[in-house]
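One chain follows as structure tokens, the form predicted alone.
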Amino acid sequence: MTKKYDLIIAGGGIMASSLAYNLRRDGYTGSIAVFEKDRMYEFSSTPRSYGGVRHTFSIEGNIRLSQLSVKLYERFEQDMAMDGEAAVIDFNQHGYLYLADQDGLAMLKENMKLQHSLGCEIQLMTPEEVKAFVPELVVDDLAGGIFDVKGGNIDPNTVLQWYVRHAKRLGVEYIYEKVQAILTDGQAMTGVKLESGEEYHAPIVVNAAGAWSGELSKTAGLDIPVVPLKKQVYCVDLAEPFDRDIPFVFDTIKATYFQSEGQKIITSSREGSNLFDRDGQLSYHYNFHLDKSFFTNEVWPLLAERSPKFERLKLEQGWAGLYEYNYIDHNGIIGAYPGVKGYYVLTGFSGHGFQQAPAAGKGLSELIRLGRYETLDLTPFSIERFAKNELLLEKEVY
């Protein structure tokens, strides 16, 4: 028997589930199936996310996506409560503190003009003010700092599970099978083929498969500039803890970041990665191995230069996850795929997907239902920008 739906979403992470929820909440009445290969979300990028949210971007579209998403997160516990149970997501708005030298601060100050014009609460700090804010930091090499007052961190897995619960309550069907290929007749979407060989048909297919979205799109002969990019996060215990909880600190000079997580410190660095294999072809390698030596040899020395608190520590645990890395301009790809009726993409956010998921899901829901954006104009994020060379060149990619 042919399995038919009105709309299929490939991928079941934060983007896919935000979209499914928003479609239903906004009035889409057609049948929806979400295909997620990882029932426990063990290797999904969402639970492995750092969960950070911020407003410090240099592109208006990114700022507006984050502004709306933060507002939705701020009322998430109330709006998403179900059957008397609060949707507790541990949103800690402790702020984002950027440390910069003269060149870095000049760029951040220039970006502040746009951020302030859009209503973002961003503060400029002198090295002395940075020192007063976090006394344990070494500030001798700083020209200053920037503080995103309403930035913070959220528990990403909990957010995901609440989206899934609500989507299911609203009639979205989650099918925990791997999509092997996207099916098309050359002009329009026809559905998906599973690894089991089963086919599910639908006139609308949304590729929200995250780090796997680029490779999946190739099964239909349709290119999306997205590859998996490994990122690592480490949890350390300090011999001498900071005197109080510290905000998210991004050291643009050392290319490291860290923040309090209870009695521990969560930290990582802006590490590089090779996007190509030995033959010079794009690599679709899904590597979840935690490289502890990278922390010991590369991250730890830089942390110790920024604060003596990091000189003595114990690496307790860590994890590796995957960015859905847009290797052209490192920003989200949202909207209809040109020339193929019924094909939509929601991917490529390159590390800021979790913080923009509520607004991105809302936006694509509008485009699918109405044929236009209403809440935010996300047209600049369309995949057509690559062919038109209208790239979104974000300066604050952290």
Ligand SMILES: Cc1cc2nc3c(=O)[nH]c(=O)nc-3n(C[C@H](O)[C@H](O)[C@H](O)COP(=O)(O)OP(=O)(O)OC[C@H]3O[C@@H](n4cnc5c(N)ncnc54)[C@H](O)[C@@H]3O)c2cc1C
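Numbering starts at 1 and runs along the sequence shown. Not measured: the values here are computed from a predicted model.
Missing here is the form predicted in complex with the ligand; even so, the following discussion is about that form.
Residues placing heavy atoms within 4.5 Å of the ligand in the predicted bound form fall in a single listed stretch, namely 345-353, out of 25-33, 345-353, 369-377, 330-338. For Gly61, no non-hydrogen atom is located within 4.5 Å of the ligand in the predicted bound form, even though that partner is not displayed. In the predicted bound form, the ligand lies farther than 4.5 Å from every heavy atom of Met125.
Interface membership of Glu177, defined by any non-hydrogen atom within 4.5 Å of the ligand in the predicted bound form, is confirmed. At least one heavy atom of Tyr323 is located within 4.5 Å of the ligand in the predicted bound form. Shown without its partner, this chain lists Leu99, Ala167, Val205, Ala209 as candidates; in the predicted bound form, only Ala209 has a non-hydrogen atom within 4.5 angstroms of the ligand. Proximity to the ligand in the predicted bound form, defined as a heavy atom within 4.5 Å, holds among Ser44, Ser365, Thr56, Ser69 only for Ser44. Residues of 38-63 placing a heavy atom within 4.5 Å of the ligand in the predicted bound form, in sequence order: Asp38, Tyr41, Ser44, Ser45, Thr46, Arg48, Ser49, Tyr50, Gly51, Gly52.
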